[in-house]
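First, one chain by itself in structure tokens, the form predicted on its own.
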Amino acid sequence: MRTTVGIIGAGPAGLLLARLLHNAGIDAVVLESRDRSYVERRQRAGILEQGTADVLRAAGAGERMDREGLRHDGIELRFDRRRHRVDFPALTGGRSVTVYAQTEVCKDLIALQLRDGGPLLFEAEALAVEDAGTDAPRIRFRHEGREDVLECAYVVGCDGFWGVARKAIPAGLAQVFERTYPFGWLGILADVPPSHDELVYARHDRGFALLSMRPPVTRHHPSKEVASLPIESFVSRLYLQVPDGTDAGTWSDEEIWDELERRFETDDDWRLERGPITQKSVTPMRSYVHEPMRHGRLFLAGDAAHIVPPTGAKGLNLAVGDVVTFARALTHQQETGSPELLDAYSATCLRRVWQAERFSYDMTALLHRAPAATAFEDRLQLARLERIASSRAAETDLAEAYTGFPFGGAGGDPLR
């Protein structure tokens, strides 16, 4: 098999890149080790920055997002039993975020790719990237029980932290920057309407908590008498800070709701709605950056090159920034013959990556209580939150970073 761009991984980064290249008239093949059902059920982040939403629209993949996603114009910070809302549009010149699950982004992009894009091979396991430092890299992969080779002009590794792409960069050329955290997030999905119409980030002496949600999904009513009537299924997504290594199964449903109530407590009459918990899991917390993000004709994107703690909602959005940068650079090379933007790929992406790492780290340190935190450190956290609540400059810095810095496309086009 031959193609211009071999893409490893059919997560949102790989699928969006395939769409961008298709729209630019550049052929690509996507290899995904899992089956389609798994990719479309894989639960991940669900907060889209303004720039990410704009890119999906410009790529022709925003119709369902605009219809079913939830636009959020702010977040609420809770601390010391107080509530403070950060108004995004008022602080950023109109920017907002959209709550739309990664699974739904993948479904939309898969449908487009299968309808009018290039080959998308599920259950095609990439085994290695070979000859990355040459002008003719190859992806060795296994599909339908046979080994095969995809010959490419370029390879883009969107295959996550455990994928094979990063391993093709010689160790002597790489620098790794990493931090692990002594806590994680116990996350739940619950069949209950959200207790607030925007995300709530709570700092508490017992640890951090987050109230989030998923857009309502229309389904048939379970009652036979009214089976023809659709109902909306409201889903709440909530998180608790827990010690690293916690087993989600050791927490009963009642214990989870009780702890969430304690951490979200306020001095007004706000109440947390309880409901059936349908899923529990624990997410570890880490920060990771691999430099460079390019070696020869191999380019890394998304979790293959960087990981952020989820506090800043940056993981998916960083991956989108990477593939937009690559698609622009390759289109520029095809149109002008100049490799300038491709040569600058790693440096261009890393500027954005490190700003996201900085913001994600700051949000994590602001809201989570370290296991050995002192009273002095507790008061510093509260002082920082007070500063955000009382200073427009501090509040604006948070709002600009949370909604994401513009991609800066020519003439207002996020893809140029």
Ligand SMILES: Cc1cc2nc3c(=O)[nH]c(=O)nc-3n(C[C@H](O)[C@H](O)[C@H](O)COP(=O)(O)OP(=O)(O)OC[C@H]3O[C@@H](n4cnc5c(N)ncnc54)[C@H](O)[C@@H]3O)c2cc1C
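Residue numbers here begin at 1 and follow the sequence given. This is a predicted model, so every value here is computed, not measured.
One more form of this protein should be noted, the form predicted in complex with the ligand, which is absent from this view; the next part is about it.
Chemist: Taking 4.5 Å between heavy atoms as the contact cutoff, choose which of 329, 110, 164, 272 touches the ligand in the predicted complex.
Modeler: The option sitting close enough to the partner is 164.
Chemist: Going by heavy atom distances of 4.5 angstroms or less, which of 356, 28, 31, 53 would be at the interface with the ligand in the predicted complex?
Modeler: By the 4.5 Å criterion, the partner-contacting residue is 31.
Chemist: Examine residue 209 and determine whether its closest non-hydrogen atom to the ligand in the predicted complex is within 4.5 angstroms.
Modeler: Answer no; every heavy atom of residue 209 is more than 4.5 Å from the ligand in the predicted complex.
Chemist: Hey, in the predicted complex, does residue 103 get a heavy atom within 4.5 angstroms of the ligand?
Modeler: The answer is no: residue 103 has no heavy atom within 4.5 Å of the ligand.
Chemist: Is there any non-hydrogen atom of residue 301 lying within 4.5 Å of the ligand in the predicted complex?
Modeler: Answer yes; at least one heavy atom of residue 301 falls within 4.5 Å of the ligand in the predicted complex.
Chemist: Is residue 124 close to the ligand in the predicted complex, meaning a heavy atom pair under 4.5 Å apart or at it?
Modeler: Heavy-atom contact with the ligand at 4.5 Å: present for residue 124.
Chemist: Each of 95, 388 and 392 within 4.5 Å of the ligand in the predicted complex, by any heavy atom, yes or no?
Modeler: No.
Chemist: For the interface check, one of 347-355, 372-380, 33-41, 61-69 should have non-hydrogen atoms within 4.5 Å of the ligand in the predicted complex; which one?
Modeler: Result for this chain: 33-41.
Chemist: Only counting heavy atoms and a 4.5 Å limit, does any residue of 344-369 reach the ligand in the predicted complex, and if so which ones?
Modeler: Contacts from 344-369: none.
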